[in-house]
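Only one chain comes next, encoded as structure tokens, the form predicted alone.
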Amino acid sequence: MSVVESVLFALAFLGSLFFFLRRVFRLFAIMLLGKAEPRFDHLPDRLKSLLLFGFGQKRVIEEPFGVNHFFLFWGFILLQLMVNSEFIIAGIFPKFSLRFLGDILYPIITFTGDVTSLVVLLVVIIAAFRRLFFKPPHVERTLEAFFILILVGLLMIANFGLHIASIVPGQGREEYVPISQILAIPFAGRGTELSWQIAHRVFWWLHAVVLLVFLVYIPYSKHLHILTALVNCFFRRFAFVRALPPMTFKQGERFGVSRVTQFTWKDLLDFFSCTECGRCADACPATSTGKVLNPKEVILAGKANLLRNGSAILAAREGDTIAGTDNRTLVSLPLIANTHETSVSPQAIWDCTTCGACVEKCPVFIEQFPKLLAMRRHLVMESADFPPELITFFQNIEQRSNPYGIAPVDRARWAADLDVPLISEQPNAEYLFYIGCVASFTSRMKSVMTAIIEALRKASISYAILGKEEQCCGDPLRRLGNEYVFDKLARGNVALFKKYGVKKMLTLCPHCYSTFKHDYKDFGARFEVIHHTELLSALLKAGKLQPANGLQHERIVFHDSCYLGRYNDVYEEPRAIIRQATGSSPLEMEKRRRESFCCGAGGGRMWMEESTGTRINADRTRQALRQDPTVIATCCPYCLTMFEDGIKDEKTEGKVRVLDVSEILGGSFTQKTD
């Protein structure tokens, strides 16, 4: 290698490195425009997360094609360490070689680099063929994706070309590259020494140019996640996003998010970390049923908005002149608008059911739906811009503490002939049985309540209800962005629970369960919350209830509630109840447990209309009917309502019933005898 080539390469490398670092520091400065958020705790656990999910690619390989990405990821890392680092140093200092590592370590490194190059080349070819001929719906066929694959492929080809150009004429020591030696066989005895020398320099410069283009291009491209995904795995949240942060209501305070810099720095890191794999969109019930919402596009819109606005803000701080813009009158691009790729449409924000499937599927722990809820807060509390059907809903909750606007004195009407004790009359009851709005005011739910109460009596469980004192838990308010009214409800409820000295709460609805268990902690709630499936399962296990296998001939398919399963990891208890009540395990849908498909009622959508695409509950009902059931089992009043509507739409009312698991258990009871 000539001195001129070394100087040219050194200058090119330093120039590329300058643009790379300049961009990285710029992105870091933009990320720091976000609000503060503590994510530096539990450092040992964060390091473990980095190793398991970052370097180990645990979530990536949960999908079949993720294995391909795993090999590409590790091939990229190994080649940087074993091949490209030596290439760059030797390009500047021609006499440098890793041979100084000795006759044991150097052959291992060279051999591994050669084999890895072949693996990466094959992986790139497979990825290209997949995008061209076997593209899944959630994967986009973009020029940028193919450009990256071409760059990686050219690097591998250039690497093999360098070795072949040394092996064929017998130049250099290439005895530790078996793949290259095999590839060189067809060229043996061909060409002159000069032609191979020219070929060697051509491949060397091809490798150099592609490598430097790659270095400069990455921080500007969709593959920015190569730099940020590992960091995002390190700073991930250790539990599912079960609760939203409380708000402070005082004069001058801003509510929700309308500008991208109102997000936290971790949210902004999320925008930079999207791999564009599309798994979130593939799992999203709104996207799957033709709604405007696509969680991947929300993150990409946030990224585009952040880059545009962040660059403008930094330029204004530095006193730079932005083309066509006066810094003194700099106007931020809106985050929420029906415009283009730099904004999120209001309809997309309202489409979200908060099921959390997007967060559960993201391989790099991006938190998609919490960002939508932050924007809902702005739309409701600052802009008063929300779907018209929510006007009555909000008024009913605020005035009568239930979505239906029914007088509070009617809350306990369902229990008129059941002799259910009130906590005001029985303050020492072990459990406060919180009924919830849907169960209190929907006639269909009376049989569910009757089954649960019968079970509690048979097991001699002490319980009481609030009756007319009960108020809405506020779950739909919080998920719809009306934090102010939720705050008032939560504080009032906590005061009421403290008044009666509540230590244990039994709930029917998973939304009430999750809200009391997680959201209320910020309001001083210090009591145990138990879902009815957890208690019934425990009573069966302890032998306090004895099922009679009365429904063993039914074909029962079970649906996982998002707020019970994904939010609270309760999967086995409902299935155990069905198993013990019928003598066999329930049928399972294709999308189940952590990958369950939402019924469509979460996130306040129970009280809203679906105006675009297919109805989510109809899609989920059809998924259940594919198992040819006679019973669809649920453990949530929202889910039960949505499935019954779906059954009517599918005209299968006489063939398929929708039952809560407590009703399945109630249909098989016999009194336990000593």
Partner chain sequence: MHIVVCAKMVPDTTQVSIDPVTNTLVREGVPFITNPFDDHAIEEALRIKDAYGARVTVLSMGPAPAETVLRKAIALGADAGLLLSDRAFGGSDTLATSKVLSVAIAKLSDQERVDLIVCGKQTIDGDTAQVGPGIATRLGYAQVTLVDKVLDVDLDTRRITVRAKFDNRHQVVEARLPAVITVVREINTPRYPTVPRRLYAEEVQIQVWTNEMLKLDPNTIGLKGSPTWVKRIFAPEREKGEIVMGLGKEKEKAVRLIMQKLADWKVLGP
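Numbering follows the first chain given and starts at 1. Treat the numbers as computed from the prediction; the structure is a model and nothing was measured.
Not on display, but discussed next: the form predicted in complex with its partner chain.
- Of the residues Val485, Leu539, Val364, Leu224, just one reaches its partner chain in the model of the complex with a heavy atom at 4.5 Å or closer; this is Val485.
- With the partner omitted from this view, the residue of Ala407, Leu81, Ile89, Ile150 that lies near its partner chain in the model of the complex is Ala407 [heavy atom within 4.5 Å].
- Although its partner chain is omitted here, in the model of the complex all of Met381, Ala384 and Glu398 have a heavy atom within 4.5 Å of it.
- In the model of the complex, no heavy atom of Leu314 sits within 4.5 Å of its partner chain.
- In the model of the complex, none of the heavy atoms of Trp74 sits within 4.5 Å of a heavy atom of its partner chain.
- Interface residue remark: Phe249 is counted as part of the site for its partner chain in the model of the complex, having a heavy atom within 4.5 Å.
- Shown alone here, Ile391 lies within 4.5 Å of its partner chain in the model of the complex, counting heavy atoms only.
- Here the chain stands by itself, but in the model of the complex one stretch of 108-116, 504-512, 561-569, 485-493, 485-493, has heavy atoms within 4.5 Å of its partner chain.
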